[in-house]
Structure formats: structure tokens, C-alpha cells
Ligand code: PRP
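Quick heads-up: it's one chain on its own, the form predicted on its own, in C-alpha cells.
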């Protein structure tokens, strides 16, 4: 009998592409949908089951073994810093984590933004960036629309994910530094990777071929 694999998929923009890619390599289950009311969606014949989690929670499910493997953005991995294996860059879901500022506040050098407030959903990544740059700032963690913070005086700067840059422009914000590029990554629980190595490694290779090498 094949060892059962539990696969965690994130709600949001990565879900459809992740589920579609897994389906192409033979990992699917009837009723697998982001809007499903089922908490666990299984395919007994294939010995797989899917769980759909909130984006920021997914690495925790994998770290603690509630899921053997999962697909999640590099931005979340960098922020959450969970003890998991990152096995493959899947290439989709590309976005950039940027430092941005209102147009009227643009300054000549990065160090000119010292001692200001920065709003972000990614406080750990932001803190590391400013520490490496030798700049002291006050970081404010938010969960909603980050672009709102400078508009209402909560912060002078923001660190946020950017795909096209359209939202920044609409809110009169300009990019001043790129912190990192993020794409979807295939991750595994460390114990599961050893105990279920054959099946997970075959899946990794199939996904690598699907990604174009």
C-alpha cells in the first residue's frame, strides 16, 4: 500500500494554480475547491488528502506534521521561518516585496528614512531588511490594506507585496527599494520527507518537469 500523503494548499491567489499543477501530475480529489466547506478532502484510491488553510498558517501545519507537504509563497516562508524543507521553486505567483513611500515624501537616500514608521504584514522580513541597512525604524504590523497607513498618518513607509504596481500608483505611492522576489514553493515536513521519501521525491520530480525543469 502507498503511504498516505496529506497536502496543504493555501487559500487565495496561489490556490487554483497549485491545485491545477498537482492535478496535472496525478494528485487530485473530487470536490477540491477553495470554497469547499469540507476541512479535509480525500482521494482514498490515490492515498492522498488535501487540507486548505489560511496562507500564513500553512507553514505551521507542515512544520508540525499535520500536513506532509504544501505549496506556499516564499514571502510567507521568509516571514514565518518555520522548520520545513523547501524542495522546489514552482515559479508561479511571482510578486515583489517592496519598500514604498508617498510620492511627496520621497528622499534621496535610504538612510534618510531613519526613525520613521513602517506599516507591513511582514514585520520580521521588514525588520531584517532595515537591520541589514543599519536603519532604525518603528515597525507596525497590520493585516489589512497596507496602502491606507500613510494616507491616514499611521506610518510614513510601507513594506508590501507588489505584482503590477498599479495599487501603489493609484494611492500615490512610489517604490524605493526591492526587498525580495517571491514565487510559490513546494515544502515538506522534515520527518515526512524521510519517512515518505520515495513518494515525495517522485512528486517533486514530476512537478519539476511540469515547471519546465
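Everything numeric in this text was worked out from a predicted model, so none of it was measured. Residue numbers count along the first chain shown, from 1.
The same protein also exists as the form predicted together with the ligand; that form is not shown, yet it is the one meant from here on.
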**Prompt:** Would 13, 121 and 163 all count as contacting the ligand in the model of the complex, using a 4.5 Å heavy atom cut-off?
**Reply:** yes
**Prompt:** Can any non-hydrogen atom of residue 144 be found within 4.5 angstroms of the ligand in the model of the complex?
**Reply:** yes
**Asked** Heavy atoms within 4.5 Å of the ligand in the model of the complex: does residue 167 have any?
**Response** yes
**Prompt:** Which one, 182-190, 64-72, 144-152, 27-35, holds residues whose non-hydrogen atoms are within 4.5 Å of the ligand in the model of the complex?
**Reply:** 144-152
